[in-house]
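Just the one chain here, laid out as structure tokens, in the form predicted on its own.
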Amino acid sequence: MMKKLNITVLVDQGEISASDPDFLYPPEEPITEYHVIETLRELGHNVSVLGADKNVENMIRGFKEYEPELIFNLTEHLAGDRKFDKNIASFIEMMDIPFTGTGSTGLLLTRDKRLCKQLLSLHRIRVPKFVFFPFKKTIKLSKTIKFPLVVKPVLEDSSEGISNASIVESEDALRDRVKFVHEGWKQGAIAEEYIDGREFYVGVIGNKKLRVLPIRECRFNFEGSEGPRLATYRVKWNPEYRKKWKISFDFADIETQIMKKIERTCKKVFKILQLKDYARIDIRLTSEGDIYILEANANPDIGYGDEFAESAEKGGISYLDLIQQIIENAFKRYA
């Protein structure tokens, strides 16, 4: 067990309640910030809380006041803009303070879906073929990839901007969906070939020595062709919708040889994208046994009861130990 640390938990400003800025009391709906902060206190660390602020002077004052030995970075955006998550990490790096999770380079590589897929392709990692449609540019169609295609905002995560209508089967539908993304999210759109197969979520923890946690699977159990074929926003966040279409998230049953192949691939992805401490890789496995990387999620949600924590629990890592391992993994990188 490492020594007790002076830890500042950096959170999105909007998650701080005026009535309980230090997260001392359980909120009506428990959130990751509360789970992590409560656990850090249970582990005996001296914990302070600071909101990520566009006014960097406020953050500098907070760091000077709290004098953290380590920052537990739980930020996902800055003033609602997700593409600035890398800038928060970059700012901490400039302050020369150790912090948990992926740094600015890894956040840049994973945030931009186009850049991520291009880099993985260079390293002979399978990704869906794709075409990029820049924001405020004329929509020019490509003949190099085949329908059906999945159209997504290029800089979002958590399945934002993804619905059943994201799967397009024609040029007209593609144009309409790209225009929808451009107008709704004010950013570029990526259209990638739809990969038919089983969908897995692979948690990875560590740095020099990586461990793959028990793999979870999104099972599309409905019959027919009307239901969702991918993890849309409603599939991920709406229990009633999942119930309607008989969609479940559970631990995957995978034969040993394929499991080893998935583990090797995801560890390689983790290193290529410069992920740190913990991450989640989303993949599709075809009936031929081919592995396609769909997304790489730096600093995924680690709230108690969320899928990453459940995978750790399944692998014999309690929630208390998970948070402590993340701290130790981060702290060792700066030793």
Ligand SMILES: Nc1ncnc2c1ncn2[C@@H]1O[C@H](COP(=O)(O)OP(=O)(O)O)[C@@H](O)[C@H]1O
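All residue numbers refer to positions in the sequence shown, first residue = 1. All values reported here derive from a predicted model rather than from experimental measurement.
Not pictured, yet referred to below: the form predicted in complex with the ligand.
Please tell me which of Y241, F84, Y194, F135 lies within 4.5 Å of the ligand in the model of the complex, judged by heavy atoms.
Going through each option in turn, the one that passes is Y194.
Single option in E263, E76, D112, E160 placed near the ligand in the model of the complex, where near means a heavy atom within 4.5 Å:
Exactly one residue meets the criterion: E160.
Would you say all of V150, R284 and E295 touch the ligand in the model of the complex, counting a heavy atom within 4.5 Å as a touch?
All three within 4.5 Å in the model of the complex.
Choose one stretch from 229-237, 250-258, 206-214, 91-99: the one whose residues place a heavy atom within 4.5 angstroms of the ligand in the model of the complex.
Going through the listed ranges, the match is 229-237.
P128 versus the ligand, in the model of the complex: is there a non-hydrogen atom within 4.5 Å?
Although the ligand is absent here, P128 would touch it in the model of the complex, with heavy atoms inside 4.5 Å.
Although the ligand is absent from this view, report whether F72 comes within 4.5 Å of it in the model of the complex, heavy atoms only.
Contact check for F72: no, nothing within 4.5 Å of the ligand in the model of the complex.
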